[in-house]
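Take a look at this single chain in structure tokens; it is the form predicted on its own.
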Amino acid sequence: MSQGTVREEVDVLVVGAGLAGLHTATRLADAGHAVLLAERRPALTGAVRTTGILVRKTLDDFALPPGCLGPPIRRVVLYPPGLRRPVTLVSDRDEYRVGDMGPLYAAAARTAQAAGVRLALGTRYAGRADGVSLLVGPGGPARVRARSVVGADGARSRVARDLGLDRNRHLLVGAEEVFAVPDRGLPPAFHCVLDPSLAPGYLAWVVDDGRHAHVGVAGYAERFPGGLRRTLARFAATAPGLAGVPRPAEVERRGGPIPVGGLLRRIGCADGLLVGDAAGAVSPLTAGGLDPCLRLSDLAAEVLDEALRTGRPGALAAYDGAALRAAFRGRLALRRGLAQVRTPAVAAAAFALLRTPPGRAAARRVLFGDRSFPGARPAPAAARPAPAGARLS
């Protein structure tokens, strides 16, 4: 780290202005702490990585700007290899909505700044030593001393490394294309293709809410036949649910790593903590991350507020990834099983179970269930800011 005087002192330095970073920073500023939020992107509306699928529990428990949400989705269609004889599941409740991520991030940034967060865009976290963090921004390098550092800097967190905390080891990679579609009078639907020759270890998807289509694939990087980009192009050419819909020449492209090893065991120490993807706060089975991001951020802000107010770093002991991780044993086991499905024949045989009443019931529990991130509570409605959403989910 470069030498020189400390330019600024704050209570909390948050690194990364995705869903987790924005929400954590806002909660801490609302509690009266001086918060600096550093984000390497020059604008929050660019380089979006997430599909932005928000599940019903998130929509029920958190105040999101309704103008930034797509139409509700109740229909999920599951396809085996070859796309023949899909299984359609329809809920009697609104289960999903897709966030318009650029405006959602912008709304969350305005909420954070109104709470007192100082947002430094185009500012890269370059490391930490002796309690001082080096930030490199438009005005050059700056050394910042913070009582605590929050790593919200993604699946390959540098903050985690510098704090000596756990780092994600099990990652999928995903990519998708997003483009506007005409209203064809069809019910919004979430199409999922389970084919290891197309999406090894995870799935390919089409989310069509009548306004935008999200066409993507995700899986284990080393198993993609011909590479991720070529696989996505192959899938996009015959994606289900979009027959007759012209694909524009210019599309928005998103992508990035997805941690699926479950919540990390060591996500906090006396010097700071991790939230969001940096903490592995993603469902190991479904790779959904927006709901856990918000809920874990609430818990992080709660325990960090107590530690800062009391001056007792021991208060961070309540931020225990190992204890929270125990609630994910079943989903971790299913993730390991899904990782072993390596051929279309095995996938087709497993898919046959989905056509049975027990199989359909199990799929409904996963896709339409009421479970959310365990052990982390949303803030009281009166105190909640309007957050915005991260990554492929």
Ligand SMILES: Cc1cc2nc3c(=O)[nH]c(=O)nc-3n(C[C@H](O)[C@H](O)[C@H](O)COP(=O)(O)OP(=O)(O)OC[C@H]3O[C@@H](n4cnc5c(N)ncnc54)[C@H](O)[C@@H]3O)c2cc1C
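Since this is a predicted model, take the numbers as computed values, not measurements. Residue numbers here begin at 1 and follow the sequence given.
Form predicted in complex with this ligand: not shown, discussed below.
- The partner is absent here, but in the predicted bound form a heavy atom of 287, alone among 76, 178, 287, 165, sits within 4.5 Å of this ligand.
- Stretch-level contact analysis of 76-84, 243-251, 181-189, 116-124 against this ligand in the predicted bound form, using heavy atoms and a 4.5 Å limit, identifies 116-124.
- Within 4.5 Å of any heavy atom of this ligand in the predicted bound form lies no heavy atom of residue 262.
- In the predicted bound form, none of the heavy atoms of residue 25 sits within 4.5 Å of a heavy atom of this ligand.
- Using a 4.5 Å cutoff between non-hydrogen atoms, residue 57 does not count as a contact of this ligand in the predicted bound form.
- Under a 4.5 angstroms non-hydrogen atom cutoff, this ligand in the predicted bound form lacks residue 201 among its neighbouring residues.
- Scanning 135-168 for heavy atoms within 4.5 Å of this ligand in the predicted bound form gives 152, 153, 154 in sequence order.
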